[in-house]
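Structure 1 and structure 2 below are two forms of the same protein chain, each written out on its own as structure tokens.
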Structure 1
Amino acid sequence: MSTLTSRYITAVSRAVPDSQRSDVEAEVAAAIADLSEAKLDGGATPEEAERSALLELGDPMRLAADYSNRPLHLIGPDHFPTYVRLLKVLAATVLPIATLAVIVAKLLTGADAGQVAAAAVTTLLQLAMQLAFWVTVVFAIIERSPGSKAMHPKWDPSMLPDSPTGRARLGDTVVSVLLALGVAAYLPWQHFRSPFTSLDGSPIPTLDPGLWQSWIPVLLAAMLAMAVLEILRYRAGGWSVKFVSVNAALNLLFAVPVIWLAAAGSLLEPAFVQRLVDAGWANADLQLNATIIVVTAGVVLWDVVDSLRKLPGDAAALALGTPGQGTAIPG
């Protein structure tokens, strides 16, 4: 037996289960002998005959897989839908929660803005890779375990994602407008009527009054514009690319200054923070700023993601000529 043939047979038999090994070895050897004999009869030299016989049998891994009826794919069509669905669910739940937790932990330990951002990004990337890797490993094992064909969850109509009903829902719109107006109203309210008063009875603003010269008007404008945008969107019947971009821009216009100021420690009025420290809240400065950053980032992220999520459905509904109007089901 020449080396090429014996190497081929070894390559095949190594890739089949122990129990079938000697059987398959004998069969492959007989097949190679038959095929090369036919080539020899056709006038080929022994080397050519052997080579073309091996070429005809092809990649030994593939042949071994055919012999032992093993899959040549990591995850087959039976489990692929479940696999993708699970990955999506994990990406939408575990990733943001864990990243947010890391941000909070970093802020509480007094990291600066750069460290927080770096930790958040590395956590997000590492976690995403770990999730994808381990879910894939588990599904690859399931794919290869006997009886797994019967195991994959049956598809059911109730698993269908929301259809492109689109439409601006009245409930959503009212909540969004109230939220925007509420934040906008809070800005002047905290300045004139704070629940905290100094010794002489005058109110202590929660936000640094110096910001009235710079950022507070911007924040106020962003929130008012947001309320207007929500109303316009409702009248238009849903999200469009234009509304989504403006919404994202307004969100950033609000969130970036707030997060930046909070991270730099210049958002809150020092006298207000001092009152809290005097009242026994030793880490008031750090913990308040951290909470503000997390909540702002969370709300803004959610709002932008939500608008993006609804965009395809609304666009489809608008294209069908059935814009929401007031007839849409609230909530």
Structure 2
Amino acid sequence: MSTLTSRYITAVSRAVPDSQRSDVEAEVAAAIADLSEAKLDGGATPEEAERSALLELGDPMRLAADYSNRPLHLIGPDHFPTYVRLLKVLAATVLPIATLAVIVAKLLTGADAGQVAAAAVTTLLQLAMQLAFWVTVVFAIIERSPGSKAMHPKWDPSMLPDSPTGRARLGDTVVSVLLALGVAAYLPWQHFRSPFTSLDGSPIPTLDPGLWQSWIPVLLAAMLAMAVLEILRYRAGGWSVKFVSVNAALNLLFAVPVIWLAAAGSLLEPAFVQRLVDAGWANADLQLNATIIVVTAGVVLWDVVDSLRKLPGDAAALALGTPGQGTAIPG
């Protein structure tokens, strides 16, 4: 019958390379003998001495890892910061771009809202898992490669980021407010001014006039609310979680109807499109709607991502008492 000592030595030797096995077995046996002898001198029984010696040596897997100089972690501290930074960069760039491409492709093929949402969520989850898995695999291989410790950049104080500053600048706020008001003004303007006129001389609007009974007031309200939000954000000194959430909701309130109507071919006034076709633009309907979808989705995605990107800096600056220019305005 095998003893605890022989079983322990076997467990250690199995986890080391063949070239080290005999030497490791001899060293572990010697260590157990020395520790057991010390315990016996202290008055322990042989069984107690053996058990105490094995407990002192610890888990055989850890001891084998020490002998073979192999890490027991997937990614060690030398490469973990770079690993996290790379995951953040990929999550902030690859995921939204790929998801947007899938949404636009589905809309252009005439998919309904459920199919578009399912495709977007599935793509997002699958791509996120793939990114995390393969990046982890690459860094796990790097961690176990010879000389891997020399591969990570040596940290230097000059790499410290600048102190956070508030980003609610007046120029940015003015541009954002003017853009929102410009879009809001275009909605009624396009109804009365047009390069084309009907037989009775009336201007042909760009957007379907029937939308005034449903979606155009919603779009107008969303744009006006976004202008007000920009002013409130400037007064508060920067982005907060509340402003980011409201901004995302207003963007969706505007973008979802526009993209949905454009995908269904219900956004533009048919007479306006027909005039463009008569003027020689054969695919005006498809190309205009596709352009509206891509531009709207891109602008909204950029605005939401930009607010999320600025949120940590603005929050940190406000916490340090160094808000941006927005707080200069008296309340």
Partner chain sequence: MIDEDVLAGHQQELRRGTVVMAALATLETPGYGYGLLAVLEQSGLSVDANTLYPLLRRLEKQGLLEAEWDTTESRPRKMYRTSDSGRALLKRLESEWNALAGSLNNLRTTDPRKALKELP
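Heads up, when I say rigid core I mean the largest set of C-alphas that superpose within 1.5 Å between the two forms. Because the structure is predicted, anything quoted here is derived from the model rather than measured. Please note that residue numbering is based on structure 1, beginning with 1 at the start of its sequence.
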property: Form selected (criterion: the form predicted in complex with its partner chain); result: 1
property: Residue shift check between the two structures, rigid core fit, residue 267 Cα at least 2 Å; result: no
property: Rigid core superposed: residue 214 CA moves 2 Å or more between the two structures; result: no
property: Exceeds or equals 2 Å, Cα of residue 76 between the two structures, core fit; result: yes
property: Displacement in Å of the C-alpha of residue 124 between the two structures, rigid core kept as reference; result: 7.6
property: Core superposition result - C-alpha of residue 40, shift between the two structures, Å; result: 20.5
